[in-house]
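Read the single chain below, which is given as structure tokens and is the form predicted alone.
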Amino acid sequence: MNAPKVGIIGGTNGMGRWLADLLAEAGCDVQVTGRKTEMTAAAAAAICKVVVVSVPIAATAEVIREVGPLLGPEQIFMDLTSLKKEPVELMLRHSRAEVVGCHPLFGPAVADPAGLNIVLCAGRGTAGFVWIKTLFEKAGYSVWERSPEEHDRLMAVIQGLNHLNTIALGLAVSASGIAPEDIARFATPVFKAKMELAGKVFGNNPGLYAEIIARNPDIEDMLKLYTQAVKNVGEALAEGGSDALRGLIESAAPALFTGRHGKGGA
């Protein structure tokens, strides 16, 4: 497929802007829509071969329901959200187009694509899937194919569990009553890095992280695992102190670090 005309709904910033720049470099005619653009989502659907939804998670379903019926079987419908099961199902249900679910596993500021991963979920058709996969690979990204269900299960750990842990850390530090300046003054490099992550969650866009966690269909299982893990740590300390806690850590290590040894300081 030659470089098609692509419409990106929500392409004025964030990951939509990243994709718009990438596609423009590949020779595509890219049309972006946003709150302040003259181009509308409906207009983009009418003139573009490929239509991409790149809006906040909370707005994704509404946009898919609005745009999907405007697309024909000769067009390609794709999303960039960090969850895949619901968006792919909605694109299949509300359009006749080819459907591709896409999740870049990085932020919009990319200096070098080497080592950066993109997940693609096949929905319907093959031409669109092959085209976008080839484009990403030629640009230097690593592309992994998974079903929407597999993707969301993985993201329940990689994003959901990770952000849950960061939120719990921030809440516990806040409840400790220790002054932020003392935390900063005495923080080790590892703790400082963790607090920088907490700063992104609590200060930058808490709604985004709340949506990523709450909308993942597998997050309830991860929350149960996390809660049980904290309980196990408490019980180990109460029953056997450092020896019991060390045993708990050592029992889990093989599943985490098969074939290598974790090293590092506090």
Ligand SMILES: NC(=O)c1ccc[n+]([C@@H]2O[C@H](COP(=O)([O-])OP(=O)(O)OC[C@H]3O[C@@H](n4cnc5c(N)ncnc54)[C@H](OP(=O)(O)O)[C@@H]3O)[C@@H](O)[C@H]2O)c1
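Start at 1 with the first residue shown and count on from there. Quantities reported herein were computed from a predicted structural model and do not represent experimental measurements.
Form predicted together with the ligand: not shown, discussed below.
Chemist: Within 4.5 Å, heavy atoms only, which of L80, A97, V100, M155 is in contact with the ligand in the predicted bound form?
Modeler: When the ligand is considered in the predicted bound form, the option within 4.5 Å is L80.
Chemist: Looking at P180, P73, G140, P108 here, can you tell me which has any non-hydrogen atom within 4.5 angstroms of the ligand in the predicted bound form?
Modeler: Contact with the ligand in the predicted bound form is made by P108 alone.
Chemist: Tell me, please, which stretch of 194 to 202, 32 to 40, 223 to 231, 237 to 245 lies within 4.5 angstroms of the ligand in the predicted bound form when heavy atoms are compared?
Modeler: Heavy-atom contact with the partner occurs in 32 to 40.
Chemist: Examine L22 and determine whether its closest non-hydrogen atom to the ligand in the predicted bound form is within 4.5 angstroms.
Modeler: L22 lies outside the contact set for the ligand.
Chemist: Give a yes/no on whether P56 approaches the ligand to within 4.5 Å in the predicted bound form, heavy atoms considered.
Modeler: Yes, P56 lies within 4.5 Å of the ligand in the predicted bound form.
Chemist: Could you tell me if P104 has a non-hydrogen atom within 4.5 Å of the ligand in the predicted bound form?
Modeler: Result yes; P104 sits at the interface with the ligand in the predicted bound form.
Chemist: Does any part of V63 reach within 4.5 Å of the ligand in the predicted bound form? Heavy atoms only, please.
Modeler: Result yes; V63 sits at the interface with the ligand in the predicted bound form.
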